[in-house]
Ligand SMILES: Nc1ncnc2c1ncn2[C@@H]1O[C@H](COP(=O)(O)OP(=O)(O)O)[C@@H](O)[C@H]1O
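In the block that follows, a single chain appears as C-alpha cells, in the form predicted alone.
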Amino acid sequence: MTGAVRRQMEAPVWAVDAQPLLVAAGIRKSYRRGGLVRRRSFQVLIDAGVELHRGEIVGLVGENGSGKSTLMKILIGSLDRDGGTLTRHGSIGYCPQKPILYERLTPDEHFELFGHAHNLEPAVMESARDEILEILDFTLHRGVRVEELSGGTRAKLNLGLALLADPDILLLDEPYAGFDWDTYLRFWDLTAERRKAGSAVLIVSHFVADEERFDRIVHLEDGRTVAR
C-alpha cells in the first residue's frame, strides 16, 4: 500500500469531499435612507462573497459599518440580497452579534425550545446541552432567567444555542464579545473541535487578534471582499 493511499484511507470521509458547504459570490445589497423627498439608495455590499469548506475556520474582518452583519444575514437567509449567487449544503448554526433571547426563559428552557426547533431527540439535546454548559462554564446559571444574567453569560448562551445541533456550517458574528479570557480560550477549543469534526466555521469580527487560529481571512472593504 502506498503512502498516498494509506493517508487517504486514514483521513475522515469529509476530507476527500471537495464540494464547498457554502458559496456566496457577487453579493449586492443596498438600503434606502432619508425622507420621501430626499430618499436615496445606500449600497452596503457591492461585490461580496465567501466560500466555506469542511474542516476550516475562516475569518471575515472589516471595520464597523462595513456590512459584515448584513452579509452574515444574507448567508443565513434572513435577509434578501439584491444580486449575486448563494448556495448552501448542510445544516447551519448562527450566532448573531446581538443575542436574540427570551428574557423570561432560563438557559435550560432555551435549549429545550431550540432542541424542538431542530427536531433533536430529547436525549441528544440533553447531552449536547450539558456539554455546552460545562465547556462554556455556565452550568450554575442554567435555571436563571435571562433577564437576570450578565452580558457575558448571555453571550455564552447565544453561542451555545448555535452549537446545540452540531451544524455543518457555523456562522458566528462577533461571538466572543463580552467573554472573559478563560471563556475566550474555551471558545477556541470548541471551534477547533468543530473544525476537526468537519464543520466549516465563519467568524466575523472587526479585528483579528489571533491570526494563527484561522485557516483563511477575508477582508470586507468598500462593499467588496478581498482574500489576504
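Residue positions are given as counts along the sequence shown, with the first one as 1. Only a predicted model underlies this, so the values are computations on that prediction, with no experimental measurement involved.
The form predicted in complex with this ligand exists for this protein as well; it is not shown, and the discussion that follows is about that form.
Across the options 177 to 185, 190 to 198, 24 to 32, 156 to 164, residues that bring heavy atoms within 4.5 Å of this ligand in the model of the complex belong to 24 to 32. In the model of the complex, this ligand lies farther than 4.5 Å from every heavy atom of residue 47. Not displayed here, this ligand is kept clear of residue 54 by more than 4.5 Å at the level of heavy atoms in the model of the complex.
None of the heavy atoms of residue 91 is located within 4.5 Å of this ligand in the model of the complex.
In the model of the complex, this ligand sits within 4.5 Å of a heavy atom belonging to residue 97. Contacts between stretch 61 to 88 and this ligand, counted in the model of the complex as any heavy atom lying within 4.5 Å, involve 63, 64, 65, 66, 67, 68, 69, 70, listed in sequence order.
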